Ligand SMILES: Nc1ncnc2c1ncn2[C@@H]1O[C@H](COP(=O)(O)OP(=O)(O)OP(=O)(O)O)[C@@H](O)[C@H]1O
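As structure tokens, one chain now follows by itself in the form predicted on its own.
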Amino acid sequence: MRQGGTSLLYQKRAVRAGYDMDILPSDLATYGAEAKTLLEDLQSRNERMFLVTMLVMNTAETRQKLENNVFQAAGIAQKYNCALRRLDYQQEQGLMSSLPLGLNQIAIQRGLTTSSTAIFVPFTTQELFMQGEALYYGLNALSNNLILADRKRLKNPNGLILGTPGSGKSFAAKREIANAFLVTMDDISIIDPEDEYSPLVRRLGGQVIDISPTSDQYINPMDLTLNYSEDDNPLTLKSDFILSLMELIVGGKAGLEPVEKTVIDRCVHMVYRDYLQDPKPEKMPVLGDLHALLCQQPEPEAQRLATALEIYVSGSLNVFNHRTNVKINSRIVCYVIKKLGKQLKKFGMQVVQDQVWGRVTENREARKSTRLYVDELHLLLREEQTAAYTVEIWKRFRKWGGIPTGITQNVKDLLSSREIENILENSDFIYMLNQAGGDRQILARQLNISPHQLSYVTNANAGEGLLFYGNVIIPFVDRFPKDTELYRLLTTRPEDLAEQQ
């Protein structure tokens, strides 16, 4: 009652002084509304009051440039209804307060609520900075902090590097390869259809295996290790591999018929009989042995298969009808299949993939990880049987200590069938660079990318994009110094290569 009586007394005095109670000064009305809103925020919206000192430090090489910078900063602030005032005679205190020392020497404070204060603190910025065998993947585009991640800590370390031509896919793959070689003790294998990785591998002291009709280095697609599969019978998975090879050989949209698959499976079990009884290297079968068994089968389908296989046994494409004479004695190996030509390139990729699987099985016994990089992955996904085998290997790699990485620009090939989608779904690591319009929409639906996040892979420069690490999505920028030997080994830009020459 006393407070109400005092208020009424002031109102009467105001009326006697000639003030109309219905007409209040605009400033008073504005401040009153703001005070009322602030009180509601503090009382009912779980807001807190913070006292904040906001400093903007301007630097320049000369006094005139400094004046210009200060004028520009004041103009930017005024655009957003903020006023900047100079700290006259307090420049030293302002400098010390701006440094990350946790000491504020400026006694100018402004009260802000929690939601207003949050503007100055990046609460929503995700970071990825791990210790141990973490590899460098660029800078966080929002905070400029380093991105260091260890794929082995993911539930599924399988990865994809996606991007349009010229976006930096092979550069990103080679940079990860170099980091993995220097930071970890993992074995690294590379399937290189365009001979882009061999300079880096040679510089790191690795092996480059050139597979071509004119080369004296051979890989036997029939190679089999006794620990080839988790099953007691290693022929189960090997039969799938031979089926995928035969589908490439036979060709056609229909693929292999059921009778042909049966004949191949029968011959596979027969061709390894002697070797499994006495596993010596000289008893390892070759494609010629499989061809001879097909010729002996009574079914007409077997004759068709034998005829299709003949060019790979005794014809001009017999590069894979030899026992393996390459001994892997390096941690990092690059299989170059550029010279195989169009007819044999997919065949060669499939053979090398199986060869690397043999290395994975050996490393598993030694509890050692194996990293596999497959460039032009889409070449393995266009035939049903080869795609099925690739998906199967993709699934098995994780259990056996393998870390496969596919590099491709054709996102649509990853979604061409429900089975192939398993590659995308079984990859918790995706390094996404600039994407074409159609691919962007597909990936946005498949990976639940927001429109804002999608902007980072829309018309992006080389080395810019999104990094998917499990449930973390971070926009990145890779500003790699160009005046280094490593950059010259990684780059494939024509202008950089021309300058080097």
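Numbers for residues come from their place in the sequence shown, where the first is 1. Keep in mind that what you see is a predicted model, and the values were worked out from it rather than measured.
The form predicted in complex with the named molecule is left out here; the points below concern that form.
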Counting only non-hydrogen atoms, the one stretch of 65-73, 446-454, 51-59, 459-467 within 4.5 angstroms of the named molecule in the predicted bound form is 459-467
From Gly402, Gly168, Gly406, Gly348: within 4.5 Å of the named molecule in the predicted bound form by heavy atoms is Gly168
Check your understanding: Does Glu196 make contact with the named molecule in the predicted bound form, using a 4.5 Å heavy atom cut-off?
Key -> yes
Using a 4.5 angstroms cut-off on non-hydrogen atoms, would Arg479 count as touching the named molecule in the predicted bound form?
yes
### Query
How about Asp354: is it within 4.5 Å of the named molecule in the predicted bound form, going by heavy atoms?
no
Discussion item. Residue-level contact is defined here as any heavy atom of the residue lying within 4.5 Å of the named molecule in the predicted bound form; does Arg493 satisfy this criterion?
Written reply: yes
Of the residues spanning 363-379, the ones with some heavy atom within 4.5 Å of the named molecule in the predicted bound form are Glu376
